[in-house]
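Here we start with a single chain on its own, the form predicted on its own, put down as structure tokens.
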Amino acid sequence: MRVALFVTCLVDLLRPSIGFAAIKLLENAGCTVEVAATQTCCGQPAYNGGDRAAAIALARKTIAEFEHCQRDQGCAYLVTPSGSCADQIRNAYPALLADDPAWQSRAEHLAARAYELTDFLVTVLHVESVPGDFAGSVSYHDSCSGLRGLGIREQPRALLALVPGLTLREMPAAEECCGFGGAFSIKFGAISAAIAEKKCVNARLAAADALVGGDLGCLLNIEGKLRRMGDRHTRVLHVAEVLAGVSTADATPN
């Protein structure tokens, strides 16, 4: 099976190891992975910020890039290591383009083929093994978009259960927001910081070696707050890095 990987802006700019981990997982499951060199942003920041014109332009760009991959490389699906980007593509694109029937149809075509990484590995590929191993314990944070927009909860946990040496320790209120919310953390900094502190307290109650999640925005927010609270021990990792056994210096505190 040939799939298109949507890397995401944050992964590309701040932690490329997640993208390489996603490729390793998909290839290990038998996929051939294509990455469009022209891909940029899914448009969610513009969408959340009220810039409808920019969000529509980026939606059309992403749709056209997938169609090119589907037509020329035979890509059957678009996969992304981000619940928030997958939610934007699957749920927001058809609504954004509702005033243009032709584009809405193209958006719906992509939406039906767009998956968050762990959902794709479990729901479509039915993987029974992963290449990574992890000597220690992890606690999983459910991101808002993945959980509420796409119903992603059991998928990452099922995959983590396949990792040799790994123990899952659930934190209290794992499904509660970390306070990031994209522009929310900028517009409402004090509220965001209070929510992040609660998340970090809950994460530390799990007494796990690492906090793991499926959205880099959440992970950056949580890690930043943990460090400001004096926690230099808890590692903060993307689930793809753990499943693939891909490490990054950025994920290990000094």
Partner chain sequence: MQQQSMFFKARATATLADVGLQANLRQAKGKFVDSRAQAVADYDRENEGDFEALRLAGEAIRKRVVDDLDSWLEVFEERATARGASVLWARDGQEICDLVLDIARTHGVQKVIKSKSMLSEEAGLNQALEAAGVRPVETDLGEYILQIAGNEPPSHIIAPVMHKNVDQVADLFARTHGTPRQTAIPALTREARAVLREHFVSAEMGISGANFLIAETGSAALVTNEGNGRMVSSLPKVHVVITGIEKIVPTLADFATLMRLLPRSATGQVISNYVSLLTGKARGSAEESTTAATDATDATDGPEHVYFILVDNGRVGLLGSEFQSMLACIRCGACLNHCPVYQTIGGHAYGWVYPGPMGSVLTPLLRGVEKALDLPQASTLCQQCSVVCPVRIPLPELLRKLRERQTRAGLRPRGERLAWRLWAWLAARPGCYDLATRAALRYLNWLAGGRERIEVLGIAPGWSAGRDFPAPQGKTFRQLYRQQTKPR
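Quick caveat: nothing in here was measured; it's all calculated off a predicted structure. Numbering follows the first chain given and starts at 1.
Although it is not shown, the form predicted together with the partner chain is what the next lines describe.
Using a 4.5 Å heavy atom cutoff, none of Thr118, Glu154 and Gly245 lies near the partner chain in the model of the complex. Segments offered: 127-135, 155-163, 170-178, 108-116. Contacting the partner chain in the model of the complex at heavy atom distances within 4.5 Å is 170-178. When the partner chain is considered in the model of the complex, Glu67 lies well away from it, no heavy atom lying within 4.5 Å. When the partner chain is considered in the model of the complex, Asp209 lies well away from it, no heavy atom lying within 4.5 Å. Using a 4.5 angstroms limit between non-hydrogen atoms, Gly30 is distant from the partner chain in the model of the complex. Interface residue remark: Ile63 is not counted as part of the site for the partner chain in the model of the complex, having no heavy atom within 4.5 Å. In sequence order, Glu176, Cys177, Gly179, Phe180, Gly181, Phe184, Ser185, Ile186, Lys187, Phe188, Gly189 are the residues of 155-189 having a heavy atom within 4.5 Å of the partner chain in the model of the complex; the partner itself is omitted from this view.
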